[in-house]
Ligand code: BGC
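Consider the single chain below, provided in structure tokens and representing the form predicted alone.
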Amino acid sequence: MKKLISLFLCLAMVLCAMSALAEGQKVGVSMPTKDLQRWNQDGENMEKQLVEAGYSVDLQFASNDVQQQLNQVTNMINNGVDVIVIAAIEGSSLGSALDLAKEKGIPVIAYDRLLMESDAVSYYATFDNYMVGTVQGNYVKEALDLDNAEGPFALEITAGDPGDNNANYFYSGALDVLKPYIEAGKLTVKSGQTEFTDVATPTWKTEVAQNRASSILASFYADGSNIDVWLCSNDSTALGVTNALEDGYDGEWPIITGQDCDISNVKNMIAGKQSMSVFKDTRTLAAQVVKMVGQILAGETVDVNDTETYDNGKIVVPSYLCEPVFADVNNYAELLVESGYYTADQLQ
């Protein structure tokens, strides 16, 4: 018992020492927008955990305005932050601010979206973005039993923002799973739109995804033929596709994929309107970033688990990849409610 008490006292002393070291140190956190639920959650989780660790935090949201984010990041640097964490609107848009951070010796952590074309990026923290796509592709593969079913099955694709480096990883991961079935004719894309440039959704906007989906439905499915699966890279695009289907589709309801487990989309899963969403627990990612911030400021070795994959055009950025999982109607309660990510009331 005495040893246990001694251990707790030592732990308390370490935590107090860490808090004392953190006191007076400021962390800048730049998020793209408040328009998407996930960025609000990311920002709030990060701020909460950084404050609990003893840091002061300058959290800013940029309203999906590249110039506004550039100005905010520049101001954070000029105001003397010790580390800056950036989830970029466009990965190549912050060059002058990153140059300034490098000049002032301020470490930069790219958060969930890789910062491109700069050697001023110290680390990258994200979920395994290629795996996000493979999770979606494998879900479709298993749901349609593509290895055994005769088919053919009708597929349409809605990918993400061309300005977001992650979007290509999501798309590539899913297509690497599904492409053999497309080439074999078991999956058919009536619109003919399969290349990333054709299926991308600028700024991830629900309305943009909805308008394109409505056009596809009017052009290729007005005869009442079925869509079996609509591969959507994230929840905001899935919501747009769902809206379009509700407005202009009379066939059997398709499998719809997503990502982020936004509340509206989880409700759609419960209602049978969306089949799955890749769950990326932002608490886990925020905790990893807080740990990395502490290691940087303490002059310690920073935890990374990938030093080969993420080339930003200037350097290969040392990265820490968290693992995503999928949520559907069968496991959402355990993943999202029992874990405390949402309350049951939020999903009513």
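Throughout, we count residues from 1 along the sequence that is shown. Just so we're clear, the structure is a prediction, and the values are computed from it rather than from any experiment.
Form predicted together with ligand BGC: not shown, discussed below.
(message) Which residue, Thr158, Asn265, Gln259, Thr242, is the contact with ligand BGC in the predicted bound form, using a 4.5 Å heavy atom cutoff?
(response) It is Gln259 that has a heavy atom within 4.5 Å of the partner.
(message) Contact with ligand BGC in the predicted bound form for Leu36, defined as at least one heavy atom pair within 4.5 Å: yes or no?
(response) Residue-level check for Leu36: yes, a contact with ligand BGC.
(request) Tell me, yes or no, whether Lys141 is in contact with ligand BGC in the predicted bound form, where a contact means a heavy atom of each within 4.5 Å. (result) It does not: once ligand BGC is placed as it appears in the predicted bound form, Lys141 has no heavy atom within 4.5 Å of it.
(request) Using a 4.5 Å heavy atom cut-off, state whether Arg113 contacts ligand BGC in the predicted bound form. (result) Taking the distances in the predicted bound form, the answer for Arg113 is yes, it comes within 4.5 Å of ligand BGC.
(request) Could you confirm whether Phe170 comes within 4.5 Å of ligand BGC in the predicted bound form, counting heavy atoms only? (result) Looking in the predicted bound form, residue contacts with ligand BGC include Phe170, since a heavy atom lies within 4.5 Å.
(message) At 4.5 Å between heavy atoms, only one of the stretches 38 to 46, 311 to 319, 55 to 63, 295 to 303 reaches ligand BGC in the predicted bound form; which one is it?
(response) It is the stretch 38 to 46.
(request) At a 4.5 angstroms cut-off on non-hydrogen atoms, which residues of 218 to 235 are near ligand BGC in the predicted bound form? List them in order. (result) Just Asn234.
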